[in-house]
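Only one chain is included here, represented as structure tokens and corresponding to the form predicted on its own.
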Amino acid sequence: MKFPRIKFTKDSLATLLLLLPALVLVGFFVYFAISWNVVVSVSNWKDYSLVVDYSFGGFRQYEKLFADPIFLTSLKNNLILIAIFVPGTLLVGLFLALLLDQKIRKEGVFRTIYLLPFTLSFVVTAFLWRWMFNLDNGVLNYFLGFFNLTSDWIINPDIALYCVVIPLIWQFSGYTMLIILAGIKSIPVSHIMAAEVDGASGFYLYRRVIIPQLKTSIATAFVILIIFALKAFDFIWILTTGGPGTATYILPLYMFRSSFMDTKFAYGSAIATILLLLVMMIVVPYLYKTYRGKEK
């Protein structure tokens, strides 16, 4: 059996040399790190021990996960976060994009204002909203106090998770708006003109012509928002530290506590593997559908 000869040209060698450092870095810091994490999750590395033991220990860490009420609470909170944060951000972003598409004056100024929250660090945003949610000195309770409607916000376990969603929607709506607005601008003018000739205008034009052509933009924003909702650690850590109790625990936060505060490295790796699987369940179908559509 003869194997085809691979011929390297000067251009292909130059391209390979340029890509090689990036491939090595991605291979080590992404794929090797993921593989190492999976190995640790099934190893004999004992809890609360700094003695490394990579020998195969079975899947007992995963069995412990699904009997752990804190893990189940974290998983439930992640799903609630996705269920509220993602649709809420998409709706606000879509509304802002449609608003800016009305050829209003100073469109660039408004676009910058809407996008500004996303340019802030998540740590800065978390500290800002932590101050706003403060029970005694927070700006929200200050204004609500005039109507006797003050709340304990993030220290109330019944509403703390929903209070986390509010600033996240505020921060990501501008980014979502930008993705959808780019989709609107990419729609051929001939499609809109043809619809207007047929009598479509106003709300009917957007509902029947423009919004149906935004599927790709909305799907892109949808995937990005879900991935962030699954791994939103720094924001929640600064805002609530997972409290009160475990009311705002999510999988990344529980993974961090288990691995680096409780030194349960195999257990934390198992949580990280479950989180990876959840992300892959979203990303892989999206990539498959995207590339399959391009091939067709």
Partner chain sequence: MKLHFNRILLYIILIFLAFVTLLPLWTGILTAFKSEQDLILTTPVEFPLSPTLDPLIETFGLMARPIMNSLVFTITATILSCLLGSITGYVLALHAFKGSNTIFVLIIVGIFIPYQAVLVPLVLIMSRLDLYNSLGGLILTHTAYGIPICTLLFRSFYAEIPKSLIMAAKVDGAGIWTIYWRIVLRLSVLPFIVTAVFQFTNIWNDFLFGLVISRGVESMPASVELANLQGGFVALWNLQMAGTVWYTLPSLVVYLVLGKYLIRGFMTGAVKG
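Computed from a predicted model, the values in this text were never measured in an experiment. Residue numbers count along the first chain shown, from 1.
The same protein also has a form predicted together with its partner chain, omitted here; what follows describes it.
Asks: Choose from 206-214, 74-82, 132-140, 190-198 the stretch whose residues reach within 4.5 Å of its partner chain in the predicted complex, heavy atoms counted.
Replies: Result for this chain: 132-140.
Asks: So in the predicted complex, are Ala14, Trp237 and Tyr286 all sitting within 4.5 Å of its partner chain, heavy atoms only?
Replies: Yes, the whole candidate spot contacts its partner chain.
Asks: Counting any non-hydrogen atom inside 4.5 Å, which residue from Val165, Leu178, Ile218, Ile155 sits next to its partner chain in the predicted complex?
Replies: Selected residue: Leu178.
Asks: Would Ser269 show up as a contact with its partner chain in the predicted complex if we use heavy atoms at 4.5 Å?
Replies: Answer yes; at least one heavy atom of Ser269 falls within 4.5 Å of its partner chain in the predicted complex.
Asks: Looking at the partner-bound form in the predicted complex, is Pro117 within 4.5 Å of its partner chain by any heavy atom?
Replies: Looking in the predicted complex, residue contacts with its partner chain include Pro117, since a heavy atom lies within 4.5 Å.
Asks: May I ask you to check whether Asn37 falls inside a 4.5 Å heavy atom distance of its partner chain in the predicted complex?
Replies: Answer yes; at least one heavy atom of Asn37 falls within 4.5 Å of its partner chain in the predicted complex.
Asks: Does its partner chain come within 4.5 Å of any heavy atom of Phe265 in the predicted complex?
Replies: Output for Phe265 is yes: heavy atoms within 4.5 Å of its partner chain.
Asks: Going by heavy atoms, what in 93-132 lies within 4.5 angstroms of its partner chain in the predicted complex?
Replies: Heavy-atom contacts within 4.5 Å come from Phe95, Leu96, Leu99, Leu100, Gln102, Lys103, Ile104, Arg105, Phe110, Arg111, Thr112, Ile113, Tyr114, Leu115, Leu116, Pro117, Phe118, Thr119, Leu120, Ser121, Val123, Val124, Phe127, Leu128, Trp129, Arg130, Trp131, Met132.
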